[in-house]
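Here we start with a single chain on its own, the form predicted on its own, put down as structure tokens.
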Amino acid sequence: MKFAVQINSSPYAGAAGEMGYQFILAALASGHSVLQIFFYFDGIYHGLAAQLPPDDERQFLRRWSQLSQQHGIDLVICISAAQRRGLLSLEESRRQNRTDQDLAPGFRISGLGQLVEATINADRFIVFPGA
């Protein structure tokens, strides 16, 4: 079975990120595939490059990057949600005359069209809402 997953909550404000991550691990271990993880609303903070959680806390950024690399999962940050919260890709930073990039490696910014495409290509669409 092919899954598309949406995460709506920030990494450390609720359980949506952890539940989503554990669901994806279980799905992959059972032989399923995950086409895309779409980070929406405050979920976009999962792709923030400047995250520096203490070593004894969950390392979401590293976890998502490893999942993406090992299993070819597309990590997509919603462009509208990201812009509202100030998270910009290098291209958007340049367009806004800024010199920094907020987006972590392995993530990309795109629109809801990418989410629609993933849900069309998936057998199941699972949403992990915020608190």
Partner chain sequence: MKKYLIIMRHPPHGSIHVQEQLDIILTLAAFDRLVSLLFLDESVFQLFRGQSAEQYEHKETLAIFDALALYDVNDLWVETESLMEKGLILEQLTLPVKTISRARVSQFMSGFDVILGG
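The structure presented is a predicted model; accordingly, all values stated were derived computationally and were not measured. Residue numbers count along the first chain shown, from 1.
Here the subject shifts to the form predicted in complex with the partner chain, a form of this protein not shown in this document.
Of the heavy atoms in Phe3, none are within 4.5 Å of the partner chain in the predicted complex.
In the predicted complex, the partner chain sits beyond 4.5 Å of every heavy atom of Ile73. Although the partner is absent here, Ser10 lies well away from the partner chain in the predicted complex, with no heavy atom inside 4.5 Å. At the 4.5 Å threshold, heavy atoms of Leu67 stay clear of the partner chain in the predicted complex, well away from it. Contact annotation: the partner chain lies within 4.5 Å of heavy atoms from the stretch 36-44 in the predicted complex, the single such stretch among 23-31, 101-109, 36-44, 54-62.
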